[in-house]
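Only one chain is shown below, in structure tokens, and it's the form predicted on its own.
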Amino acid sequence: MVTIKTKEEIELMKKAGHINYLTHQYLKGLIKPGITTKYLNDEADKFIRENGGIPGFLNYEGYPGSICVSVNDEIVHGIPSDDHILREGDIVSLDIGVVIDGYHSDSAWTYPVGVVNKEKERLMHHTEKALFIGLKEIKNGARLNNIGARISEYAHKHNLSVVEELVGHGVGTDLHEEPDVPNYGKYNTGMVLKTGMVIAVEPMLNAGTRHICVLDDDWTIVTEDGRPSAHYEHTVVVTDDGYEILTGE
């Protein structure tokens, strides 16, 4: 069931979203060659708790990390590890969930490790741009699939592929609520968005084919062809004339 959030609920989600944003800003400053993905996970866990939040992903459906750390061809759900060392030229996607008083926020961003090549630079630039192009479609009375239609249109225009098996989602007292928010679709179709709905929009775009594989850990999802993937996500609330980002400043 799709829920309309009250002003009080939205304020709690905004608090969770603000800590999420601050966690991203903190971790961004730590990213450099030679650190492990587990180090980023542990620093995120500590930062979130010190700021009054709870890591939303830890033990979610059995997930063992406090955040997801996905490197290069890893699309999502990379498990932090002491054995996974970041190297010059990598890109790393940090997907972070924060809970405040039972309400979730969800945000992902992809960062360069040192200097990256043109392919990765271009992938990150256009995936971030695709997120905001999708967000522009959001307002009371708009159709849900307008978001994905614009994201996929932009991605294909720039010769990037859209991961179709993974989608955005509603957010609230559960991390994943209705509705699903795909990154593709036909314009002017889908449910009607209403003021007070809270959704996470999260394009995952690949430099190569859209096809994916799941690793033996049953969590990490990678590109089938081994080429890089980028992931950008904001949690937003639908307003009368647009949207408000809850996972920003």
Ligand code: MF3
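Since this is a predicted model, take the numbers as computed values, not measurements. Heads up: residue numbers just count along the shown sequence, starting at 1.
Omitted from view is the form predicted together with the ligand, to which the following refers.
Novice: Where, among 57-65, 184-192, 29-37, 44-52, do residues come within 4.5 Å of the ligand in the predicted bound form by heavy atom distance?
Specialist: Looking at the other structure, the answer is 57-65.
Novice: Select from the listed residues 129, 143, 150, 176 the one whose heavy atoms reach within 4.5 Å of the ligand in the predicted bound form.
Specialist: Partner contact (heavy atom, 4.5 Å) among the options: 176.
Novice: With the ligand left out of view, choose which of 164, 137, 73, 95 has a non-hydrogen atom within 4.5 angstroms of it in the predicted bound form.
Specialist: Exactly one listed residue reaches within 4.5 Å, namely 95.
Novice: Answer for residue 77 alone: is it within 4.5 Å of the ligand in the predicted bound form, judged on heavy atom distances?
Specialist: Because a heavy atom of residue 77 falls inside 4.5 Å of the ligand in the predicted bound form, the answer is yes.
Novice: Applying a 4.5 Å heavy atom distance criterion, does residue 122 contact the ligand in the predicted bound form?
Specialist: No, residue 122 stays farther than 4.5 Å from the ligand in the predicted bound form.
Novice: Taking the ligand as it sits in the predicted bound form, is residue 84 in contact with it (heavy atom to heavy atom, 4.5 Å or less)?
Specialist: Contact check for residue 84: no, nothing within 4.5 Å of the ligand in the predicted bound form.
Novice: Within 4.5 Å of the ligand in the predicted bound form, which residues of 197-233 have a heavy atom? Give them in sequence order, or say none.
Specialist: The stretch touches the partner through 202, 219, 233.
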